[in-house]
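Before any questions on how it binds or moves, here is one chain, the form predicted on its own, in structure tokens.
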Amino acid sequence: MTAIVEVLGELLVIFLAAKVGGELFLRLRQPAVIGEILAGIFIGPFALGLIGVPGQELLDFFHDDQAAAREGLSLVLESIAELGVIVLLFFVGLETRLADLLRVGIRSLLVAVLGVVGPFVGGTALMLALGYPSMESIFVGTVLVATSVGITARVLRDVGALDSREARIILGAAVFDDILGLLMLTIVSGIAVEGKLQVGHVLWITALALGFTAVVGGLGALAIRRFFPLIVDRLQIEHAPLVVALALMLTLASVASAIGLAPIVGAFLAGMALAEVAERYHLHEQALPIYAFLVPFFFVVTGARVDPRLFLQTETLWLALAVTGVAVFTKAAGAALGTIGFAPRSMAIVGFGMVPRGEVGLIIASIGLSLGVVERPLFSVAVVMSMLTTLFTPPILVWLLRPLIAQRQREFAGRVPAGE
């Protein structure tokens, strides 16, 4: 039991650090997510070591095998963090109707394609120019393709901009981006392992990913409108609508993961389908306490993966800054070009909204390390790039969104009768 108590203690530290960091940054008029990520860096195993470092109880449980104890603790924390980001994207989906995404469908696809091609070409060209082998260069380019929409979605929700046209384009592009990124990772990994391109495997993954997204995204809303009331109105368990909604969220997240997509894509599609009945069954209000509890774990654990010592290694730091510069410019410029014809500020919002690499970049970099395609120094570069794009994007987005926030506040003030 003492090992379980130690794990619960780490969860308590994470939760309290998230709330303290979030409160501090809200008082500074910044998104809570920045405080949560920075809190993770400070309490993580590479800094204060308050989380992620097995204590004696866990070591005893794993028979003094420190590697196993660390891996077991990491699995617990990362599982809860993954559940947090699944809930986040599910909640975002609840506030996104299919009809809204369809109105920006072509724009979202264009943003995704240009936001994938630019970073891949730019990252690969940079590494080749610096003299790195072609396979390593291509894999770094693949890491730069990734987009972690969880960070952007949290900022958009915190400032009340989820229903904006820019937000809908970003969310739609994130789904396409994940599919395109999956295909590129499949291609590159296949070449690295087999020494050649497995065309059949790539086509199969393509069909699965597109089929899943099309079926759930296209037919999900119709099925929910027809069958959700028939199911929940017959159930006698407490909070039946929420129970069924969460079951659907976990089911689609698991299916998405099984076919190679990020689980958050399935969670987002589940929420989007349920958006058709969310208001009728008060799903937002029922899910909000779960959101408030679980979502911060994702951002703190993401911050805890950062090793600040990486910034002290001059060679690694300069390469990381160069890769980060290419990652930011190519992704922001490519995504912004997909919205050409919009106002410059709207183009910038979409561009920077697609910049964070977060956990998606880390996952792809980890795959490259495990396959032996990239060495530890390049893996560290990918980690620094993922974290930098995650850390500085929220304040830039908030600054870009200020006019929209001010307009919403004026509209709200105009609807509230004087004296209330």
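Heads up: residue numbers just count along the shown sequence, starting at 1. The shown structure was predicted, so the numbers you read here are calculated from the model rather than taken from an experiment.
Keep in mind that the form predicted in complex with another copy of the chain is not shown, yet the notes after this line are about it.
Using a 4.5 angstroms heavy atom cutoff to another copy of the chain in the predicted bound form, none of 98, 120 and 271 count as contacting. Though the partner is left out of this view, residue 211 does not reach within 4.5 Å of another copy of the chain in the predicted bound form, counting heavy atoms only.
Residue contact check for residue 289: one or more of its heavy atoms lie within 4.5 Å of another copy of the chain in the predicted bound form. Though the partner is left out of this view, residue 170 does not reach within 4.5 Å of another copy of the chain in the predicted bound form, counting heavy atoms only. Remark: residue 228 does not count among the residues lining another copy of the chain in the predicted bound form, judged by a heavy atom distance of 4.5 Å or less. With another copy of the chain left out of view, the stretch that reaches within 4.5 Å of it through heavy atoms in the predicted bound form is, among 229 to 237, 120 to 128, 171 to 179, 341 to 349, 229 to 237. For the residues 205, 294, 188, 278, the 4.5 Å heavy atom test against another copy of the chain in the predicted bound form is passed only by 294. Checking 306, 86, 149, 94 for any heavy atom within 4.5 Å of another copy of the chain in the predicted bound form turns up a single hit: 86.
Shown without its partner, the chain has 238, 239, 241, 242, 243, 246, 247, 249, 250, 251, 253, 254, 257 in segment 238 to 262 as residues with a non-hydrogen atom within 4.5 angstroms of another copy of the chain in the predicted bound form.
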